[in-house]
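Shown here is one chain on its own, the form predicted on its own, set out as structure tokens.
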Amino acid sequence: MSVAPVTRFAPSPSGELHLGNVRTALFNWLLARRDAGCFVLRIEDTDAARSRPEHVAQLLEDLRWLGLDWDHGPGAGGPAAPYEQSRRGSLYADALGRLEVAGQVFACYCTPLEIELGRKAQVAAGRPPRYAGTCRELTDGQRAAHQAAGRRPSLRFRVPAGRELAFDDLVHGPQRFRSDDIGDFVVRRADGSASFFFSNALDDGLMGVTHVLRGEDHLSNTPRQLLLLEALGLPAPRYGHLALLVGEGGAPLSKRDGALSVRELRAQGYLPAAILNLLFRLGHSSPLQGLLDPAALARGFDTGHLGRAPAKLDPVQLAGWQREAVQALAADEAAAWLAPAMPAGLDPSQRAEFTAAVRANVLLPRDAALWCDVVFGEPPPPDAAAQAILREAGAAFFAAAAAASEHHARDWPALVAAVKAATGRKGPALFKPLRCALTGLDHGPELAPLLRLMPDGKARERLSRYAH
């Protein structure tokens, strides 16, 4: 009988979530939800210099907005609470103490400069640039001398010699590392805080995490963490290292290169369904077509379909999914989504009619501002193409149209019929000049609902402009 998976998302709150972070969270969430498992949210905030409470708050808000709820974690509790690493110091100290008693760690007094020089010497000698073992076998007297000199030691894990560390990666398949290439690594920094290698692995073990999907930049960390979990007597999760998500230039997503955060995408009006459907298909192949809800995404998720090549984030694809997500909104949801772009004072029926009229022509709420101007304010000045259409129609055409609008100001079919009868025009020669005069554009939503929403006298005023 298979055991329900326990997955986790363990972000560091040193900045805002971008889509690379969200894809990692999504894939772990999908794996847990697909098999009725448990999704854990853990905040890895041990870096006091970079972690910010406001980033934690924004992170939680972003995940909730996306619909990526967690079973155990901040605000939800759970058997391994607390789920903020900054509050788990006593657990780390206890585990480190056990390793000290077992002789599996040692104090290292090397300065950063000495470590860097040691690595350069290793490279010059044709060996892997690992820690040289300088402090591995210090005598009590040597340690006392370093202490007397004011050096504060870090704590390093004694990597056993001659071991082969093998695991089956969920994405990259069988992996093998030689322990002799790793070198003793820091598990407690000189300031007393636990290192990433240590706290991340220990918490996975204590929280019963069975599967870890994370970026492939962590692949080389895995053998170290397997050694730690073995030394602590804790089970190791199955690891899967995801191919990086890259931007248009091929570089990993980063704020420095202009990658938008989830908060920024949300502020622009992108919808959760668009973001999740795009990310589901970046680095994960699927035969499923069309916009899928989160439950369907979970049913369709398969770790066997995770790719090894970098996945490129294409803004055009995001726009395509956004368009589908907008069209999938219920009428009241669409009206609420567009509400920030609408003028104040519209009654609910006007809001609903305006939303129904323009939603096929907008990608983001800001796009509706143009159609708000067209309907309730002033249309944009006609561009060159629209001006040519207006000139070709001629003043007599618009005089007839203005006269017809006196009786059919809000009835588009009746207005068209009256102008056709008065001018003999039909097809594009009839419709295009009317559209250009009424909206300033030669394209856009259907005119019938827009005309119904226009204030009294607005249509006649616009048509009359071109009647002389």
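Start at 1 with the first residue shown and count on from there. None of these values were measured; they are calculated from a predicted model.
Absent from the display: the form predicted in complex with the RNA. The rest refers to it.
Enquirer: Please pick, from Phe197, Tyr92, Phe301, Phe376, the one residue with any non-hydrogen atom lying within 4.5 angstroms of the RNA in the model of the complex.
Expert: Going through each option in turn, the one that passes is Phe197.
Enquirer: Sort through Asn221, Gln104, Thr210, Ser261 and report the residue having a heavy atom within 4.5 Å of the RNA in the model of the complex.
Expert: If I apply the 4.5 Å criterion carefully, the residue I get is Asn221.
Enquirer: Candidate spot Leu244, His284 and Gln317, all three in 4.5 Å heavy atom range of the RNA in the model of the complex?
Expert: Affirmative, all three are within 4.5 Å.
Enquirer: Does the RNA get within 4.5 angstroms of any non-hydrogen atom of Asp442 in the model of the complex?
Expert: Yes.
Enquirer: Can you work out whether Gln327 and the RNA are in contact in the model of the complex, taking contact to mean some heavy atom pair no more than 4.5 Å apart?
Expert: Gln327: contacts the RNA in the model of the complex.
Enquirer: Indicate whether Arg410 is a 4.5 Å heavy atom neighbour of the RNA in the model of the complex.
Expert: No.
Enquirer: May I ask you to state whether Arg34 is within 4.5 Å of the RNA in the model of the complex, using heavy atom distances?
Expert: So Arg34 does not count as contacting the RNA.
Enquirer: Pick the stretch from 395 to 403, 417 to 425, 60 to 68, 39 to 47 whose residues have a heavy atom within 4.5 Å of the RNA in the model of the complex.
Expert: Residues of 39 to 47 come within 4.5 Å of the partner.
Enquirer: Taking the RNA as it sits in the model of the complex, which residues of 155 to 193 have a non-hydrogen atom within 4.5 Å of it? Please list them.
Expert: Residues within 4.5 Å: Arg156, His172, Gln175, Phe177, Arg178, Asp181, Val186, Arg189, Ala190.
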